[in-house]
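One chain comes next, on its own, written as structure tokens: the form predicted on its own.
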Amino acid sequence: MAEQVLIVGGGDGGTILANSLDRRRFDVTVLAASLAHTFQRGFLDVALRGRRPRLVRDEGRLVGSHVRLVHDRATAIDLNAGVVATAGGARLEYDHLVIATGMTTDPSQIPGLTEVNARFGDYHTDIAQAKKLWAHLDTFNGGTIALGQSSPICKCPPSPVEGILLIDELLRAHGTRERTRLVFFTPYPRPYPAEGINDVVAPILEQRGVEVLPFFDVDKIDPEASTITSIEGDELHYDLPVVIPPFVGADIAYEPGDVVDEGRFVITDKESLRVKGSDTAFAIGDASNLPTSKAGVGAHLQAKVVAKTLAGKRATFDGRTNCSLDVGHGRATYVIGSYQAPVARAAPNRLKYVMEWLLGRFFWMSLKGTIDPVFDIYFKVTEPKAPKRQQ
């Protein structure tokens, strides 16, 4: 009899996993709160370049014909009973559960941020917010643009630095850079958390005249005074704020309740990807609390690890991250590292920009698994090397 695999979440990780499982061995169900699958990386192009790429596809066309797709929202997961309850009143049982519910923005955590982002937009929430931000950037005629993240957790860690550099590129193209002050604020001690890439981007920011405010933990925003105040008491005035909201995990009740942390992220073993205390449940992608980048490539690699594990093969996740970082003007670099290999310094160039562009064009194919051999080669060629131990 086929084993029942229930995947909660129809994002990148859930879709890739569903298409990777052997249909002869598994009955696969994907429980998706939305059937609109979005290429979230494309929000950058909408908000900061004014492009209108096709960012949404029907989830039903992305999963294989063997996959049962249920359009409903999970409201409760009982790991002890092996049951997932939904908003529509269904109770779904499973032999194996994979939590791939992603995360969402929550501006309500910062006083004033809900009002600010409702007015100016942002490039992490959805397409409508990205379009709103572009409308403000495209007509900006000078003043102070303040961009940064309001909490340490961020979807696509390169995106804050990318945002300020692409805005710099836009203003230069519009001829308004000389009358604009660009300020980049971050809760970290340096512009980019990983030292290797920071050694690359910090000089670029300085070269382009971007002011950097490290250790800036956002406490509140005053929309009337147009100020952002840090927990430390520092105050930043803006004419146009681009504030990346805090992120939280999906609003789902868990039993036992101690399998999620304060941010509603599922507590997950960093190598096996099993949920805390469970032999039958896994968590992948942004839904987990793994100590690695929250990015699509992580969900991709984790989905493959779970697929191999369910197939009875030996597989562990090594913490691999492989995120592109667009520095503007047709150049990009990659943030590549793992649990054992610190992120290495990698200079931006045109070739890496083209690679990023190509990976974006092949995104939908990657979800279906049709170009897995290409990705296997790419990940092998770019595998980070752990430092040699000193004798």
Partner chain sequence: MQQTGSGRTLVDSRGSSCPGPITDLALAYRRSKRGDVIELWATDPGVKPDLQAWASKTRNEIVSIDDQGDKIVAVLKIVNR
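Everything numeric here is computed off the predicted structure, so don't read it as measured data. Residue numbers count along the first chain shown, from 1.
Just so it is clear, the following notes concern the form predicted in complex with its partner chain, a form of the same protein that is not shown.
The closest heavy atom approach of G175 to its partner chain in the predicted bound form falls outside 4.5 Å.
Though the partner is left out of this view, Q129 does not reach within 4.5 Å of its partner chain in the predicted bound form, counting heavy atoms only. Using a 4.5 Å cutoff between non-hydrogen atoms, S324 does not count as a contact of its partner chain in the predicted bound form. The shortest heavy atom separation between V335 and its partner chain in the predicted bound form is within 4.5 Å. Relative to its partner chain in the predicted bound form, residues S34, G102 and D251 are all farther than 4.5 Å at every heavy atom. Out of the listed residues V56, M365, A341, V354, A341 is the one that sits within 4.5 Å of its partner chain in the predicted bound form by at least one heavy atom. Residue T292 is the only one of T292, T86, N198, S278 with a heavy atom lying within 4.5 Å of its partner chain in the predicted bound form. Considering its partner chain in the predicted bound form, the lone stretch of 292-300, 204-212, 161-169, 309-317 in range is 292-300 [heavy atom distance within 4.5 Å].
Residues of 241-279 placing a heavy atom within 4.5 Å of its partner chain in the predicted bound form, in sequence order: E262, G263, K270.
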